[in-house]
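First, one chain by itself: the form predicted on its own, in structure tokens.
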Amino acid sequence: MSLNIENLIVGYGARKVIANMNLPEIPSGSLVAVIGPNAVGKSTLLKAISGMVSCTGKVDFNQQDLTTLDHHQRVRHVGYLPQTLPQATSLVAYELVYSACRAVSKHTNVEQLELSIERVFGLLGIESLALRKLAEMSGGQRQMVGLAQVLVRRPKLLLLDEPTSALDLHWQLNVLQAIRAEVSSEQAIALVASHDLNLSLRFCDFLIILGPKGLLGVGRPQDVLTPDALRAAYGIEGRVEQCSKGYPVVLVDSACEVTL
């Protein structure tokens, strides 16, 4: 199983956000960070792969071109988490995750579904939220419930748009550890749009770096997140070094002059 993208073009009206993007084959078991500054197409890339926005080109996953599938066929393979948080409703978390899964597959065995929900709540460490109403939760807690909605179906392709944006440091680490474990155990592929370069370096197998002029690099973090890439993507002078425990960290020296 692998993901391969060829000649992907995505736009809104006459404005092209992604133009002729080609990505090398991403193998199963890979956690991939999609990084770059605001408004360079990170969310758009995930939406295009998920089918949320129209595109041209080829998105080959498990020897199927996802662009040729209708919505119901695509959701069997793909789990998409948007940036927007689940609505603060009177439903409890368990009900929301249960109904989301049933909406995709009405023929799922109830006992099997209940076991899957229990597994995912345990994986994310949110068992205490199961019977809490979403209207009584913080934004970060609702974000965790939204992620549970995606993971409960065990999709082989995860598209997660800033899944840690509303979380504190403990839960950021917890979520990345959970996604890392899920990708490894299911031999899935996860693309995670992120602004956190250090979490991306620590947990991800590959980086897709987008800049104002398009795709800047794809590959192993230590190979592609160079001072030149940081300058081209973010307009900063910086470098990647190792901390005392051996983890790679981005150190920023100064901001470059950029034209808005």
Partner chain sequence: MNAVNKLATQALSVDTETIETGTLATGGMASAYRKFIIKRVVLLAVLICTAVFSLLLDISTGPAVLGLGDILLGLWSPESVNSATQVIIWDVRLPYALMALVVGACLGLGGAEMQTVLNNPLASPFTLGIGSAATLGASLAIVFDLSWVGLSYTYLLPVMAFISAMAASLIIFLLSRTLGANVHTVVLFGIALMFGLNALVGLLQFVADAGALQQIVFWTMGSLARANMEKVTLVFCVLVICFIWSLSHVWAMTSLRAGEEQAKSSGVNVQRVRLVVLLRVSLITAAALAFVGEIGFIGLIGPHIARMLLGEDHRFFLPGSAIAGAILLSLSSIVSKALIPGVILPVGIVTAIVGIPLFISLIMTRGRESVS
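Residue numbers count along the first chain shown, from 1. The structure presented is a predicted model; accordingly, all values stated were derived computationally and were not measured.
The form predicted together with its partner chain is left out here; the points below concern that form.
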Is residue 100 one of the residues lying within 4.5 Å of its partner chain in the model of the complex, judged by heavy atom distances? yes
Contact with its partner chain in the model of the complex for residue 72, defined as at least one heavy atom pair within 4.5 Å: yes or no? yes
Please run the contact check for residue 149 against its partner chain in the model of the complex: heavy atoms, 4.5 angstroms, yes or no? yes
Could you tell me if residue 140 has a non-hydrogen atom within 4.5 Å of its partner chain in the model of the complex? no
In the model of the complex, do 84, 96 and 131 all put a heavy atom within 4.5 Å of its partner chain? yes
So its partner chain isn't shown here. In the model of the complex, which residue out of 109, 185, 89, 177 has a non-hydrogen atom within 4.5 Å of it? 89
Report the residue, out of 224, 201, 52, 232, that has at least one non-hydrogen atom within 4.5 angstroms of its partner chain in the model of the complex. 52
In the model of the complex, residues of 155-192 near its partner chain [heavy atom within 4.5 Å]: none
